[in-house]
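In what follows, one protein chain appears twice in different forms, each by itself as structure tokens: structure 1 and structure 2.
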Structure 1
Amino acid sequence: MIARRDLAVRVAARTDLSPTCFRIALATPEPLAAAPGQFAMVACGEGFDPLLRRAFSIAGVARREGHTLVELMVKEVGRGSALLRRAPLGAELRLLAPLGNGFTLSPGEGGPLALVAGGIGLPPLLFAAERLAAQGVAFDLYLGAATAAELLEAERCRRAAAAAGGELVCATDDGSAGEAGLVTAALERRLETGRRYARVLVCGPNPMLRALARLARERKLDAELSLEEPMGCGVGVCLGCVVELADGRMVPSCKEGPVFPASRLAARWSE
């Protein structure tokens, strides 16, 4: 377990990725380690406005020129994310990280790994893809979005998959890029042709997570899902992100997740 830290950070860079999504790099002189699938709670404004921090999956951590750069990818959906998108370079914020439990990145038996990202579910899987590529672990990356304009970091994903000897499969709901239809369907088509995976790592909207949980149950796949439950504190105190497990227990996603084996989740996730 990597110990969490509450750090003062500054906005070092920001780039628009799509009409709704952007990448932001937060810099701190302090060292910080994180695993793919872990997340951060970010204070998006000064003082107590807004009162609660916002939870974002970590897309990467790098140590450069005496500073740690924490990369986040954010979709602007409300006041907190809007403030981050408009924060000037050099603005000082606070970041609590790393939080939660990440993906299992070790090689598995029976084939490469499959990474499946839907929309803004990409950040933890891009982090995983680049970590796996550096470790020489084979994987295919499935990248889905509603439209071509919302297909995030496709070229960066392609480079990571190619470095591991794998394939990038893109899919859009409207067929404007890659294969037409849901990214889960693109994965299922390849499974039907005999493609085998040792483990499937998934992050995206809840309907996509449920579809992957069903697929994992039907095909007896080892799957890990990164849940996107609303979080108020990030440390298991507020209980705003509880999820039901297969044994009937209710647990805080921020503390026991956000990554869960599909087999641990309640049956409703795979119905």
Structure 2
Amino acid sequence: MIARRDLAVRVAARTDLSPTCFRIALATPEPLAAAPGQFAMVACGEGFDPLLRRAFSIAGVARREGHTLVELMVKEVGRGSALLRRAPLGAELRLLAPLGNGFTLSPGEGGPLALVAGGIGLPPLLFAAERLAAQGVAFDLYLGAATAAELLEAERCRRAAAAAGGELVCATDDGSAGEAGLVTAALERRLETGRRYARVLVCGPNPMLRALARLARERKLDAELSLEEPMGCGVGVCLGCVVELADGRMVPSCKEGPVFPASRLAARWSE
């Protein structure tokens, strides 16, 4: 396990990715390592507003010129994410990371991996995709969004998938880019035509996770879902983020997750 740390970081770069989402690079001289699927708790401002840190998946970590750059991708939805969007370059924030477990990235039996991202669920899967590409593990990447403008980092995704001979499949709800409809439907169509995957790694909005859990149960897929429960502490002490498992236990998703095998989750996830 990689040791977690609470670091002072500086806003090193920020780029808009869509009308609502942006990428932000946070720099620290300290070394930091993370696995795809792990997340960070970020203190987005000073003082008591917002009071609690916000959870963001780690989209990448790189060591460059004596600094660690932690990359996040954020959708502006409220106070904390808005502060991150407006923080001036050079502003200091605190980042507690890496937290939680990660996706299983080893190659498996019976085909390549499938990575399925819905909207702002992309960051942990982009991190996974670029790791897998570097390791030469084959995967297809399914990228879904409401509209073409909200398809994030499509070019980077295409490059990563192509590196190991895989495919990028885009889907938009309104059909403005890629296949029309849900990204889960795009995956299902390929399964129908005989495409087989060793494992499916998923992050996205809850309805999408449920659809995937259902698909996993029906087709006996080995699926890992990254859940987004509201988090208070990110370190297992508030019990505000619990997830019900198939064995009835209520476990903190910040510690035992955020990634869970679909088969471990309580039945209502796949009903």
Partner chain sequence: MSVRMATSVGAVPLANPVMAASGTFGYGLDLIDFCPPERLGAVVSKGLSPRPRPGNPMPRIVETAAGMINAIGLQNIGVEAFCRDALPQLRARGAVVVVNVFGARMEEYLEVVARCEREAGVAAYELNVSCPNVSAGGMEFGHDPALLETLTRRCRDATRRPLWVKLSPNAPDLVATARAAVAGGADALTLINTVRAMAIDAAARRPVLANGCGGLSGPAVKPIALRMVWEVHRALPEVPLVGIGGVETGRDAAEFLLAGASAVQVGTATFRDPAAPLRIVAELERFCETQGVADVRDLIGGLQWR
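All residue numbers here refer to structure 1's sequence, counted from 1. The term rigid core refers to the maximal set of C-alpha atoms that superpose within 1.5 Å between the two forms. The shown structure was predicted, so the numbers you read here are calculated from the model rather than taken from an experiment.
- Here the form predicted on its own appears as structure 1, and structure 2 shows the other form of the same chain.
- Taking the rigid core as fixed, one finds a CA shift for Pro230 smaller than 2 Å between structure 1 and structure 2.
- After superposition on the rigid core, displacement of the C-alpha of Asp49 between structure 1 and structure 2 amounts to 2 Å or more.
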